[in-house]
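Coming up is one lone chain in structure tokens, specifically the form predicted on its own.
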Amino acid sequence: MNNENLNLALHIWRQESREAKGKFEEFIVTVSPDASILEMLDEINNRLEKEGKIPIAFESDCREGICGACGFVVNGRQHGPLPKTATCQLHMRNFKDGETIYLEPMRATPFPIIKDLIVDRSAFDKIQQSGAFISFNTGSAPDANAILVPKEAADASLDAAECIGCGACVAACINASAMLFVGAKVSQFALLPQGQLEKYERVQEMVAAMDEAGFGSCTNTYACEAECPKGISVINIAMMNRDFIVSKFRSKEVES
């Protein structure tokens, strides 16, 4: 293990508010290679507070790659240079001594900047509130466990449920599309017997909420899958599109 500290030049995006003009601010730091990038920001903020300066605003919660709150752009990549790695799991040993690193928010029209590295991802919350749930009476615990679920369906549902809602897919997409996020949230229920009752209503409601929030369309560049820290597959987009088309035919049948 390399125990020698790293000397780095950081260019961090500073923006006081959504309306304010932002810019990169340079920080020269010496940091342990075993520190995570968030721990490095903690150290910088401790120094800034001691100097009576405004600390860098960034989000974090679990710091275990589960909640998705920490996400920002590192050297032009969502979450940084490592595949399938959330920002909070990125350690400084993945950079070289003397390297220059740029940190900036995940920019997208539906994700307006709140301050510095923090963006407003409440559009995701509204999409989930529109339909990312099931209304299913499972009875007691033994009754719920009695519902047979094929292993392939359970595995695919759990894979989709790994989505942490970080927004990397949106920020990486040239159209700021949320199709991978919505596809994952639709699939995690649509693949299970418990999710069948509201399957077609759910996909219509969530797609409508996505469009209303101002996200763009999908043009199959696959940048979303490439930058997703959980490796969510674009197959979920295909399944969502299929269910959405079927739901439209079913709606017409009901009307007629």
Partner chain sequence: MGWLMKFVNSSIGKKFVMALTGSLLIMFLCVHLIGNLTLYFGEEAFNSYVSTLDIVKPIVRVVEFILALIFIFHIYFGVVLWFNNKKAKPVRYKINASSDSSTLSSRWMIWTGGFVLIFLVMHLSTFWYAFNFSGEVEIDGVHQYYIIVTDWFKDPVYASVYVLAMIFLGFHLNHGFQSFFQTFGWNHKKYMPLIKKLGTLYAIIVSLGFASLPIYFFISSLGDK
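Bear in mind the structure is a predicted one, so any value in this text is a computation, not a measurement. Positions refer to the first chain, counted from 1.
Not pictured, yet referred to below: the form predicted together with the partner chain.
Asker: Using a 4.5 Å heavy atom cut-off, which residue among 32, 45, 196, 221 comes into contact with the partner chain in the predicted complex?
Answerer: Looking at 32, 45, 196, 221 one by one, just 221 meets the 4.5 Å heavy-atom criterion.
Asker: State the residue from 150, 142, 76, 98 whose non-hydrogen atoms include one within 4.5 Å of the partner chain in the predicted complex.
Answerer: Checked against the cut-off, the match is 76.
Asker: Answer with yes or no whether residue 110 is in contact with the partner chain in the predicted complex, where contact means some heavy atom within 4.5 Å.
Answerer: Residue-level check for residue 110: yes, a contact with the partner chain.
Asker: Any chance residue 211 has a heavy atom within 4.5 Å of the partner chain in the predicted complex?
Answerer: Residue 211: yes, in contact with the partner chain in the predicted complex.
Asker: In the predicted complex, is there a heavy atom of the partner chain that lies within 4.5 Å of any heavy atom of residue 123, even though the partner is absent here?
Answerer: Residue 123: no contact with the partner chain in the predicted complex.
Asker: If you check in the predicted complex, is residue 238 within 4.5 Å of the partner chain, heavy atoms only?
Answerer: It does: once the partner chain is placed as it appears in the predicted complex, residue 238 has a heavy atom within 4.5 Å of it.
Asker: Taking 4.5 angstroms as the heavy atom distance cut-off, pick the stretch from 203-211, 187-195, 49-57, 33-41 that is near the partner chain in the predicted complex.
Answerer: Stretch 203-211 is the one.
Asker: Between 231-250 and the partner chain in the predicted complex, list the residues on our side with a heavy atom within 4.5 Å.
Answerer: Stretch hits, in order: 234, 235, 237, 238, 240, 241, 242, 244, 245, 248, 249.
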